[in-house]
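Taking the form predicted alone, here's one chain by itself in structure tokens.
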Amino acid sequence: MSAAQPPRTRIARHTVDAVYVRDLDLVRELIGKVSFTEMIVLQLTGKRPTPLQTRVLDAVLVTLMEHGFTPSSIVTRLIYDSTPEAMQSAVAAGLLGVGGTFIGTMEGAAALLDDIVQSPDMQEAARAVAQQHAQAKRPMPGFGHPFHKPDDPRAAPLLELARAEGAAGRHIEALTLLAAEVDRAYGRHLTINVTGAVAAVLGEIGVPAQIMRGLAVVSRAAGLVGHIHEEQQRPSARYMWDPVAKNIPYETNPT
């Protein structure tokens, strides 16, 4: 950007005696007046959230906060055991696991749903997406789960909540069409998993695909703090470490 057009921000500013976020007085208009979920929407969009946005985002944050011992929570406990004086390091280590295999796959699913929604023939677009992935033997973002079979129990309630709150339903319709075509193309049932459902409902409230993973990070950060608190009370990191040392033996290099 040239010197004649310096960058600008529309998020926050402060004076000697006040802080403003999105032109609203933090002390007088926000603290104690809005929930954390509502504040997230305001921060992202610059507008006060609708009831639909608040309900859907709140449900997504609750859904994604915890899923037991997965790589993100395991590494958080191990790093906390190494650096108990720096809790933030352990949380940061765990958040690095929010990626294309765990938690963060809603980005890919959302991009596919956006393409289907924008197509003049959603049915045909869904069929093409499913067939392309099946023929290339690529995983389908938003579908399948190693443990939850035949269906991910978290997906349906999210979709039902969005419908009940008055979502327009275009992204949910795209997901439903895609699910039928995925089963047909792969020759077996693949569940709509939680990230597929999250992609659809966040699309319904106008969240861009490229920042959806960030919302997963916000939710999972709180969950990881919970794991650290349990680690403080009931340590498990050394127990996790010990089986690795015992079950992965050293092998002498061949000469």
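Quick caveat: nothing in here was measured; it's all calculated off a predicted structure. All residue numbers refer to positions in the sequence shown, first residue = 1.
Although not depicted, the form predicted together with a further copy of the same chain is the subject of the following passage.
Of the listed stretches (181-189, 89-97, 115-123, 136-144), which one has a non-hydrogen atom within 4.5 Å of a further copy of the same chain in the model of the complex?
Among the candidates, contact is made by 89-97.
So, R127 and a further copy of the same chain: in the model of the complex, are they within 4.5 Å at any heavy atom pair?
Flag for R127 set to no.
Would you check, heavy atoms only and a 4.5 Å threshold, whether G32 touches a further copy of the same chain in the model of the complex?
Result yes; G32 sits at the interface with a further copy of the same chain in the model of the complex.
Would you please decide whether S82 lies within 4.5 angstroms of a further copy of the same chain in the model of the complex, comparing each non-hydrogen atom pair?
Within the cut-off, so yes.
Partner contact for A59 in the model of the complex: a further copy of the same chain, 4.5 angstroms, heavy atom
Yes, A59 is a contact residue.
Within 4.5 Å of a further copy of the same chain in the model of the complex, counting any non-hydrogen atom, which residues from 24-58 show up?
Contacts from 24-58: L26, V27, L30, I31, G32, V34, S35, F36, T37, M39, I40, Q43, L44, G46, K47, R55, D58.
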